[in-house]
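Next up: a single chain in structure tokens, the form predicted alone.
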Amino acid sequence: MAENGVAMQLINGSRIVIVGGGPAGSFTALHLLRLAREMHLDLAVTILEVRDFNRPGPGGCNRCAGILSSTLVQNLKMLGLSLPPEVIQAELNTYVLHLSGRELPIRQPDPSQRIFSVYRGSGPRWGDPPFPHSFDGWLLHQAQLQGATVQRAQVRAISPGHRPIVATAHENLQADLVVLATGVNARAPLDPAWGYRPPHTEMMAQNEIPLPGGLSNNRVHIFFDYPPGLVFGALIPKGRYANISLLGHKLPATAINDFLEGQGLFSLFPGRVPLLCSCRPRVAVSPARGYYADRLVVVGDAAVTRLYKDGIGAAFQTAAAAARTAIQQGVSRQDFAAGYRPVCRRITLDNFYGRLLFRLWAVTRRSPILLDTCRQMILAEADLPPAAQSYTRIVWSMFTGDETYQRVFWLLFRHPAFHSLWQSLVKTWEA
């Protein structure tokens, strides 16, 4: 709480340097500025971001599938923000699971809870104009409108000290607080003395294709099993295009073509499939270590994120907690340990339940009995009111991130059909 006997508090004129202008950085700036106004505090907030999010292709993109959960859409309203129509590429109301050669549609159990697909940059590298509007670019502009200064700069190093120094190619900035929001696809420019250790990651494979004819613009298609190591693959509509997003363990360099061929998707195109924008992003699968210190806090993927889903929603949560701690408590290590760490630990705990759910799902897919029972339960709920579609809600939330994994886990284990399902399976094994 104190540095040489002086409390580490933000005061009028304090400078906050945010390294990274993606959602985690922009959300942090927006929360800081909102809370500062409430406390009549005048802060100088600077965001350093090297990319232009209004460019198509990887140079303007944060390399993400780009689905906004209904929870995040609601949370935007806390900041006085409403997603503009031009940023929305598609409103998604159905997830179609492709299981053993059959399709199982999972429809949004509560139509009032809307989810959307967006572009993080300005569309695929080889796309045609008019280029899509960028969600990240829009959000960064909102931070500017609220008073943040945005500089196009590559950060080379962040050094600790009485006032940390953020070094770019052209200047050294002294800060009263540094917020690291670089994600996990860029090297964290922190001096080793900070003690930061980035999260463990897994590699994804992504590409963009023209939206195949006959595919609805409000349905996400989810595939399993192939190529080997695949956890799941998604075909996500985005206006004129569709995003292919594969998550797995040690996916080969040929994963996209293997996926298209193995899932029979080449047949959707009369000729060669045009691949418009390839990338191999990393996704965090564990929390970082040393993600806060005196006058330093790490937010978003570079600290902790939700397992496989709703990374932008987790960026909102960590940004809000870090900003609230900095404004209301202070910017020392002890302050962040008391106010920020519990939020990150809750996300980590939730991911534990997520791993259990995905393991249960893997068991279900390998068992024809379990898979058929799952299918029958979902079909039986199709005509029920939203409040009664409990099993549909479980599967929907697993694949959309609309609810916490912990809530989904307990919904599953309290579901009457779950107990009868496992009892029947045990009897089958014993027979």
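Not measured: the values here are computed from a predicted model. We number the residues from 1 along the sequence you see.
One more form of this protein exists, namely the form predicted together with a small molecule; it is left out here, but the text below deals with it.
Here the chain stands alone, but in the predicted bound form its contact with the small molecule, taken as any heavy atom within 4.5 Å, falls in 280-288 among 343-351, 263-271, 320-328, 280-288. Just one of 371, 33, 377, 48 comes within 4.5 Å of the small molecule in the predicted bound form, counting any heavy atom, and that one is 48. Contact annotation for residue 208: none of its heavy atoms lies within 4.5 Å of the small molecule in the predicted bound form. Residue 177 falls outside the set of residues with a heavy atom inside 4.5 Å of the small molecule in the predicted bound form.
Among residues of the shown chain, residue 97 is not one whose heavy atoms approach the small molecule to within 4.5 Å in the predicted bound form.
The small molecule is not shown here, and in the predicted bound form it never comes within 4.5 Å of any heavy atom of residue 256.
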